[in-house]
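Just one chain is shown here, as structure tokens, and it is the form predicted alone.
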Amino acid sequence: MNVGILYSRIRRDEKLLLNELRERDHEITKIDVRKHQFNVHDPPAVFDDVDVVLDRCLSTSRSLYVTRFCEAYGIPVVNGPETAETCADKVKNSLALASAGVPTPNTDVAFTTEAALESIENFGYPCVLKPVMGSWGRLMAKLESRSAAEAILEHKETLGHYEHKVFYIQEFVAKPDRDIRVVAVDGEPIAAMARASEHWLTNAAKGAETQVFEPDEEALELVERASDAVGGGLLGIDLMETEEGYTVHEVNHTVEFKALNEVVDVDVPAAVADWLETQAAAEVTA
């Protein structure tokens, strides 16, 4: 199997996966998307002989465009462009989950500071303001008062990029001091961890402590439903525990797994490689 890896920077996650694939004697074609041109008719020669492409682009915009090119070239790519597009945009992510009946935090989207402030007041304090694009907990704000909300909305309005003028306002979920990250392939969990922090943001990228989490039946069902809602693939599904049960606040399409791999007994890169082999075999027999 020849696996093409779309990337702009090789992180530890990619190194773990590359090592696993090489140990299985698979060929690797590393495709640095910064160094190629993608023609609307003909694929770059670097795609020759590639059986399946794995998107590991750090940049969301590059991920969205290059996976779309792969699809147009008829080259199998995971995750596919529809899944990437749904997961990369928090509005589309929330809509997909809500439309599928997956429990997810109540969310408003507004396009002016006046409308956004009205939503914030309706939610009450605290509530959460998030960028529609972004990861690692960046540019997220827990709004504790009207004055704080007015200041942050003004800052966002003056930042310039149109995405900052899409105000994504979400209820604040009173969870324990942790959330749950499940890495799954087509809805089947590989492993899960709890990410705990005294800060309201519990991202591992922000220093949260991690430990093994064993999903119960409710969590397993939600992982499968959330995966189906965004189109399936190799995903990171984030859940929060509430008094009413779990709620799914996000599904990630270029999921990092190095922190998970360090705390669980499961060999996460090996499980991902197993799944990639299955995907490539399915394309051959299709």
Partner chain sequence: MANDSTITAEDPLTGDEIEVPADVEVGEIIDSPVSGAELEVVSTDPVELEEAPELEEDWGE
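Positions refer to the first chain, counted from 1. Predicted model, so just to flag it, every value in this text is computed and none were measured.
One more form of this protein exists, namely the form predicted together with its partner chain; it is left out here, but the text below deals with it.
By the criterion of a heavy atom within 4.5 Å, K15 is counted among the residues contacting its partner chain in the model of the complex.
Not displayed here, its partner chain is approached by N252 to within 4.5 Å at the level of heavy atoms in the model of the complex. Although the partner is absent here, T29 sits far enough away that none of its heavy atoms falls within 4.5 Å of its partner chain in the model of the complex. In the model of the complex, none of the heavy atoms of A270 sits within 4.5 Å of a heavy atom of its partner chain. With the partner left out here, its partner chain still marks one of 223-231, 39-47, 66-74, 253-261 in the model of the complex; by a 4.5 Å heavy atom cut-off that stretch is 253-261. Interface residue among R138, K142, K92, R146 relative to its partner chain in the model of the complex, by the heavy atom within 4.5 Å criterion: R138.
Of the residues in 230-248, none comes within 4.5 Å of its partner chain in the model of the complex through any heavy atom.
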